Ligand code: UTP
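There is one chain below, alone, in structure tokens, taken in the form predicted alone.
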């Protein structure tokens, strides 16, 4: 190890990373040196100096709510809007969105950096068999939707998938094994987000995840911007004349992927960022809140929001901060280029992180409470740079069925159940009936919306057993 590197660690108070160095073999030593060299130590010092005080945006929102000055969201499109004007608005948006897809100027970005550890699934979430009857994985289901959207538009729909070091190799192998799910490999790009060192919450010292290995974590979904720049993908998109990016996270199988209405509202509203929201179930729900802060639409992460602010109510008892972030956004490519790769702020996230105390340690320390701080960027902080941040309300049961935990609300079980209920509503609206105990899944190849089902099934038909419309054959599954 060079004297310069040792002095740098001493200067930044991180020389503990050399404790037990002499116990390491050549391979682990080289890995450790590479990790140490890659860390922006000055940047880490700045993040640590910011301390653990209330997030400035959260503090400002708390002040606005407490003063009774909270304003309604501008540019808000309520999906539940009734009447001829709302219907015409949606039709115009859908037609505009279809034209955008037909022009080949849209791409999909799926953020897939997480493993399903909290679900008892130690593989990438994208490989989770989420669909209730077919057992299709998240990636399979999204690929089928992308194929169908592209076929209808008469143009291929590029798909960018952002992974993390924990999911990258498995995701790449799965896409190759599945032959990119029938998509042109030239239209599918799997790229990796960056990582940052994890520090002890009390001392700010970088942790070791194992002898010879610095503890690191992905830099958050806001790392997307830097990852796009690093991988040259903004230029790749520009070369393909793609100007609109539909963004979503991998753990919501109900997402209306590249939905024409949302794309159309984004374009017609001249927005740089469009965000889909749902009404929050409760003040305690783990959803970021969407609100107007000093004239701009902003999103405050639930973990940053004081409980009393999250629970504030209007005169009728409803939540003042009613709009919950679903992690579905539409971005203009030129807007992202203008923001730059390093513009988003870092947030402190407290986690339980197992670690070792030195390179000579033989046992892993497993804390029982949050002991570490990870630094993450949030993609929704891009709203701060947008002239127009459009907000589109969604129906929770139709478009937001996240898989976040092992059981209960927002679990794999609840998402599968919600999908079966959704498809049942589509079929019943078309005049069909679902037999007692039947389990009916609709593949994207067969229908993407309730409107698609109209005319595809005989009114009065009764669906029995377990069936996947679009993958199974109808005559064997439906009885008049």
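Keep in mind that this is a model prediction, so the values were computed, not measured. Positions refer to the first chain, counted from 1.
Another form exists, predicted in complex with ligand UTP; not displayed. Remarks below refer to it.
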Problem - 4.5 Å heavy atom contact, residue 250 to ligand UTP in the predicted bound form - result: yes
Practice task
Could you confirm whether residue 357 comes within 4.5 Å of ligand UTP in the predicted bound form, counting heavy atoms only?
Solution key: no
Practice task
Examine residue 117 and determine whether its closest non-hydrogen atom to ligand UTP in the predicted bound form is within 4.5 angstroms.
Solution key: yes
Exercise for the section: Flag residue 219 as yes or no: does it have a non-hydrogen atom within 4.5 angstroms of any non-hydrogen atom of ligand UTP in the predicted bound form? Expected result: yes
Completion exercise
Exactly one of 111, 382, 263, 305 comes within 4.5 Å of ligand UTP in the predicted bound form through a heavy atom, and that residue is 111
Exercise for the section: Answer with one of 351, 155, 240, 75: the residue that has a non-hydrogen atom within 4.5 Å of ligand UTP in the predicted bound form. Expected result: 351
Handout entry: Contact stretch among 328 to 336, 117 to 125, 67 to 75, 263 to 271 - heavy atom within 4.5 Å of ligand UTP in the predicted bound form
Key = 117 to 125
